[in-house]
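To begin, one chain is listed below as structure tokens, in the form predicted alone.
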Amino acid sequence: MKMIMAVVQDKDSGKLASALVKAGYRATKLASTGGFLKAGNTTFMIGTENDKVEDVFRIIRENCKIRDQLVTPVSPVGGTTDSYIPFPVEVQVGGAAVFVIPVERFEHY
């Protein structure tokens, strides 16, 4: 058995949750915050059998897309602000960061 932890952008969480339920997978959703953009994310915890991991990956890939977004960088901390010009920059956001963790034991009560 494996525990799949997928960190996805909030914009993709509803679509992913629906696709997982439709495919028969149970998942626990946790609110989380990204470190780089300090934006809301959703972390899914999905327990599944070893032979179903690739199917879960497929569902995540189909429902979590990378997109470009304009962000204004935060001012430098402790540095000089004389050369700091807060122009928006385009960065890629979204997609999914997915971790697979072996599960030694699972109990459901």
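Start at 1 with the first residue shown and count on from there. Values in this document were obtained by computation on a predicted structure and should not be read as measured data.
The following text describes the form predicted in complex with another copy of the chain, which does not appear among the structures shown.
Although the partner is absent here, E54 is a contact residue: one of its heavy atoms lies within 4.5 angstroms of another copy of the chain in the predicted complex. In the predicted complex, no heavy atom of L70 sits within 4.5 Å of another copy of the chain. Although the partner is absent here, L20 lies well away from another copy of the chain in the predicted complex, with no heavy atom inside 4.5 Å. Contact annotation for V89: none of its heavy atoms lies within 4.5 Å of another copy of the chain in the predicted complex. Of all the residues from 1 to 30, those having a non-hydrogen atom no more than 4.5 Å from another copy of the chain in the predicted complex are M1, K2, M3, M5, V7, R26, A27, T28, K29, L30.
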